[in-house]
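Below you will find one chain, with nothing else, as structure tokens; this is the form predicted alone, and questions on how it binds or moves follow later.
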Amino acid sequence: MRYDAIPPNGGHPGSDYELMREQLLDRYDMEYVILGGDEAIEVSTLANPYYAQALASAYNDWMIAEWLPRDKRFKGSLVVAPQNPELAAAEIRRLGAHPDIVQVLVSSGSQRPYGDPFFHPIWEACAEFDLPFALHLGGQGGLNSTPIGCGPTTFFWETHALLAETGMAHLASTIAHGVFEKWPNARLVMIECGVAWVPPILWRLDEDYRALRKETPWLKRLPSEYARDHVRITTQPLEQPHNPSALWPALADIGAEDMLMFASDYPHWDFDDPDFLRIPQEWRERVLSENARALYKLPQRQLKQMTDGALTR
């Protein structure tokens, strides 16, 4: 966590609205802020699915009652426990119509990839309310003690880097199982899973699909085409190659200018300052605002008339 995000009277970093407003909302003139579940998404690690969903529901009620009313810029993520998809779907139907709820949120550390038909009740409920299905990197521990392909890791930095493997599995699974064919309005948002791996995985998926497409006759398009229209990824953490410009041609090849969305990761230690985000100038408006505005169906900021006759946002 950022030490400067600890409230003056103590407490968890990010738990003080006034400090958050000073450090994040007002400092960067944020137009909208999508609240992530942070520790709430760790309910995915619990063995008891009923307790897990009860905790998620309690968090959702608290977030709607205590945080959304504090600032008109806040939008909420509805946390569900994916261990029992029917309970998760019921939670989406309970609160999914709230005007300030803009996505359903789970941890990436699930017991199986999210395209698996086991999870289709969650996708169905998301489609019913036209809410994106978002997964946030994490969920290691408990039921998901080894979310790495070849077993346990040793060091935190090693684990943190390799957790991107979960994003790869969820992306491939969601496409392969035909989620976007079954629910044409479905959208997958991968938060904090990294971005540099996305082009080579999509290239590899395209090649294997061309050779083995008879396995999944329900698919009508290349995996990369589904991804461009239905998948969104976030800038945090944005990998930094030795040559800063090396990343962008690969991302451009998969149409990431329309897929990439800014994420601050406030109040974590690896917070990204939007003023210093190294992205191509011609991408900035889409990445910093317009891709998210389109995904979450957020209105344009209103122009206000100033006393000197000038217009400001």
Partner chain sequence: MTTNSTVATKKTRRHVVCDASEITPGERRIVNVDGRSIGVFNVEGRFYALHNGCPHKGGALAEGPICGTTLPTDSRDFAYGRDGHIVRCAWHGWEFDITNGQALADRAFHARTYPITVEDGVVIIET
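Quick caveat, the model's predicted, so the values are computed rather than measured. Positions refer to the first chain, counted from 1.
As for the form predicted in complex with its partner chain, it is not shown, yet the points below apply to it.
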So which of 178, 199, 132, 121 gets a non-hydrogen atom within 4.5 Å of its partner chain in the predicted complex?
-> 178
Out of 239, 128, 207, 158, which one falls within 4.5 Å of its partner chain in the predicted complex, going by heavy atoms?
-> 207
Considering only heavy atoms, tell me if residue 150 and its partner chain come within 4.5 Å of each other in the predicted complex.
-> no
Partner contact for residue 71 in the predicted complex: its partner chain, 4.5 angstroms, heavy atom | no
In the predicted complex, residue 217 touching its partner chain (heavy atom, 4.5 Å) | yes
Is residue 222 one of the residues lying within 4.5 Å of its partner chain in the predicted complex, judged by heavy atom distances?
-> yes
Hey, of 164 to 172, 84 to 92, 208 to 216, 190 to 198, which bit sits against its partner chain in the predicted complex at 4.5 Å between non-hydrogen atoms?
-> 208 to 216
